[in-house]
Ligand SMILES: Nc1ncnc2c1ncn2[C@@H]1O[C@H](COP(=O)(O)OP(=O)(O)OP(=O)(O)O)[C@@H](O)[C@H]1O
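The form predicted alone is given below as one chain in structure tokens.
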Amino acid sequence: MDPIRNPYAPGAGQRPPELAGRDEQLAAFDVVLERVAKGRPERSLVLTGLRGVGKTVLLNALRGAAVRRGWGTGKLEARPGQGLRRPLSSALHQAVRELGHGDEESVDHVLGVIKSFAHRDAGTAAKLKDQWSPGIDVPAVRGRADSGDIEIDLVELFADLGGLAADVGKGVGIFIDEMQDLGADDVSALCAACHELSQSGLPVIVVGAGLPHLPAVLSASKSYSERLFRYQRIDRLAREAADRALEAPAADEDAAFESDALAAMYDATGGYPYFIQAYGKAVWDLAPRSPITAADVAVAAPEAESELAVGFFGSRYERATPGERDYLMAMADVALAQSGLGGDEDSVPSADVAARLGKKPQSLSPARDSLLKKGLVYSGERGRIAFTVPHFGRYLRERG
């Protein structure tokens, strides 16, 4: 098969040639866009799921849908230890520019409020090395979104932004990836601002994406967050959608898969979108001709697994210390014993992990907390722990 014509794209956040299995989410978001633009009440949206299920791809697709409706949009990626003001200010600056509001005075006012919000980083204003400008050429607006209380400031900022969007009959979408990495104060402020938006009917929505424990992070911040957001779990693809993700791009290149090959691909990938792209690329490059057979899949599997071991699993494993790796390996062993089938997507009791290592749970808290901060594991419920990456336990066991 011609590698130049290989249609598969196993990249982080890279849109696959066929966005299969997400039609329901895209259709539902179109309804949200219409309702918000008409001033109808609608909740902000939160996408959750393991790594490799395509949350970032879907987030970008939803943003594209908003852009096509003429909305102003901005996107940011939350990072541990980074405050919300600076990245959000840059994202909102772009959103205001996309709105295309014709009244220069109104636009300058909102841009000035964004600038004021950005400059009010608590505790850094006096340090020259921490001074930062969002690239806005208008003066900062005094007395608006600059109190220093992130919750008060964010409510005021969203209110002004929503008013600007309402003037032109459009909306503003704020897209936040890795949302679970926001600081506690920023999460609280974001929930409060979304709560205010839902009450006022202003055309501004937040669309967040994060790991499966993100709803628990939001709930711990504000109890009403359970009713504030519409939660959508993004999971592995069903067999039909997984087949379409492989067959449609191949058909565009005048190639095909035999039915046994599709079954073998689903068994190998588990329906996870990132794995589908990785295996698809390897199989295409190594298959001698179309149609691609189950034998071709078997030949290409080691190549795909080697690529995943380095780029997907290995890069995360290398971030763990020796003690943390022991903890991860114990998790993998407990998961295998728990399922009997090698399944690693379900959580395991942290007490069982400690027992596997022959230690008291309290003594393992530092390793567990560090793995949580590094995003290698998550805790969706008290006393249980799970991998953020599908098939990670299998990778660890094969690694030895």
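All of these numbers come straight from a predicted model, not from anything done at the bench. Note that residue numbering begins at 1 and tracks the sequence as displayed.
As for the form predicted together with the named molecule, it is not shown, yet the points below apply to it.
**Q** Choose one stretch from 347-355, 66-74, 48-56, 364-372: the one whose residues place a heavy atom within 4.5 angstroms of the named molecule in the model of the complex.
**A** Stretch with heavy atoms near the partner: 48-56.
**Q** Considering the named molecule in the model of the complex, which of A282, A95, A193, A245 comes within 4.5 Å of it through any heavy atom?
**A** Selected residue: A245.
**Q** Only one of Q277, S116, S225, T269 has a non-hydrogen atom within 4.5 angstroms of the named molecule in the model of the complex; which is it?
**A** Contact with the named molecule in the model of the complex is made by Q277 alone.
**Q** Find out whether any non-hydrogen atom of E178 is located within 4.5 angstroms of the named molecule in the model of the complex, and reply yes or no.
**A** Close contact exists here: in the model of the complex, E178 approaches the named molecule to within 4.5 Å, heavy atoms only.
**Q** Heavy atom to heavy atom, is L237 within 4.5 Å of the named molecule in the model of the complex?
**A** Because a heavy atom of L237 falls inside 4.5 Å of the named molecule in the model of the complex, the answer is yes.
**Q** Could you tell me if R86 has a non-hydrogen atom within 4.5 Å of the named molecule in the model of the complex?
**A** Flag for R86 set to no.
**Q** Under a 4.5 Å heavy atom criterion, is R316 part of the interface with the named molecule in the model of the complex?
**A** Yes.
**Q** Quick one: which residues from 19-36 get a non-hydrogen atom within 4.5 Å of the named molecule in the model of the complex?
**A** Sequence-ordered list: L19, A20, R22.
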